[in-house]
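One chain comes next, on its own, written as structure tokens: the form predicted on its own.
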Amino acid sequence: MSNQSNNFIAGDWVQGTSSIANINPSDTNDIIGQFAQASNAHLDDALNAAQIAQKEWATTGLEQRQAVLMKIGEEMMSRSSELGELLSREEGKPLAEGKGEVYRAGQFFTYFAAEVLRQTGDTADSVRPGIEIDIRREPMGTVAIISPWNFPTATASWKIAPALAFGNAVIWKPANLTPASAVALTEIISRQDIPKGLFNLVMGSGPSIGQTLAESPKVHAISFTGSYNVGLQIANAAAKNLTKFQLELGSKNPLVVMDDADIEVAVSVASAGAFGSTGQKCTASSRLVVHEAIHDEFVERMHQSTSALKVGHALEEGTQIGPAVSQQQLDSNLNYMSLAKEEGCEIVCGGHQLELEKPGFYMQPSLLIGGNNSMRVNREELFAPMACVIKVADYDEALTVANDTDFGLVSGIVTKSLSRANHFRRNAESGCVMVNLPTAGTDYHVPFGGRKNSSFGPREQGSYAKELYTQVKTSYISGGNP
């Protein structure tokens, strides 16, 4: 991977004013590299170059734009094993998940490559005789993309791909915890036939580079995925310039397990949703809302399943749960475990730090019982391999408990009843609903997003992505007298 320590600005790899060490959370003795930190001057250079490049890109032929995105996607998919290993090494998710993420990220680019050619608009007759109306979408201009560390390649790709597909320039500020994956993706994009300055990688902290980017009047749209509190700061900054913005924020996803559920399906779905990606995902099902008739059996089976999960180095064969991404995240996880005990939860298993052969940020996945929605551990997003069982008396209480949250990203239900599944699907107060499936795992060709404090603005992915990355123009045409 060339120039791995540098930013990519105005078509060139540029050294930063300082650098940070990228530490492998599976082995803290392994330093992946030193990665540049940009200054505000670097950001200004990127913004100025993007403004010029975007005008050229917007008038570039559709087939050329389509070919660029297709090449990016195909290279990512063909290199998913190599780049997935790099991702897992720096983020800590098991190797199979890292490889899968990169491959899926490539599919975002090939999907939006096809969308480049889907040039359909609307026409209408005016209410005035002899006048026709043309309605079409045009690029926003320069798009700021601020992406998180937990899916460093996939989340960035489902933002970058539509931004480029619809004719925009991109300023990308990735998370500082996962810079190697950001540089790897940038290196692929940098070799494409695009105007210099169309795509820029500007690495730095959120309070400095991220906030400055959000405040810039040279930015025409912002796509942000991260915490609720940071999202509010982005929103306040964007509002001052009336900049269009999209926010994907926190979550507290419920999985409802009904008394008629297949217990094998319920345990499999709950385990995958709660502990996949070490629980470090916005779609994690950290609240398991279980019918009292099946509660004890479910808890026993979940205890067995959770205790059997293998925690280990992300790159080692057989690892099912990797480390927390950082010492700060591990400390937060352990603090929430202490809080859960103080609030009255019973720890069925796990929740403690592990010392393995390699020094890393390891924690045994934890199952809690005796919880309710008044507890902080059931109100706040944890980003930890922790799941709390909440016992309910019937379906109506389950639905009420599931919806009793400030967030609304994903809800799930495990049931054999079609009528219950349909009622839940229609009444769950979330942007996504899963029936007999883990709360994690979404497709790239359909919209993704939440309600309440989980999301704001247009949906991501699929054809709905155009709502953020384009603006509508209505033209009236008079042909004059025949």
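Quick note: we count residues from 1 along the sequence shown, nothing fancier. Quick caveat, the model's predicted, so the values are computed rather than measured.
Only in words, not in the display: the form predicted in complex with ligand NAD, which the text now covers.
Across the options 244 to 252, 188 to 196, 108 to 116, 331 to 339, residues that bring heavy atoms within 4.5 Å of ligand NAD in the predicted bound form belong to 244 to 252. Of the residues given (Thr225, Ser277, Thr142, Ser157), Thr225 alone sits with a heavy atom within 4.5 Å of ligand NAD in the predicted bound form.
This chain is displayed alone, yet in the predicted bound form one of Ser80, Ser305, Gln320, Gln233 has a heavy atom within 4.5 Å of ligand NAD; that residue is Gln233.
Annotation: in the predicted bound form, residues Ser39, Ala169 and His220 none come within 4.5 Å of ligand NAD through any heavy atom. Ligand NAD in the predicted bound form is not approached by Tyr444, whose heavy atoms all lie more than 4.5 angstroms from it. When contacts are judged by a 4.5 Å heavy atom cut-off, Gln211 counts as touching ligand NAD in the predicted bound form.
In the predicted bound form, Pro207 approaches ligand NAD with a heavy atom inside 4.5 Å. The closest heavy atom approach of Pro174 to ligand NAD in the predicted bound form falls within 4.5 Å.
Scanning 357 to 388 for heavy atoms within 4.5 Å of ligand NAD in the predicted bound form gives Glu381, Phe383 in sequence order.
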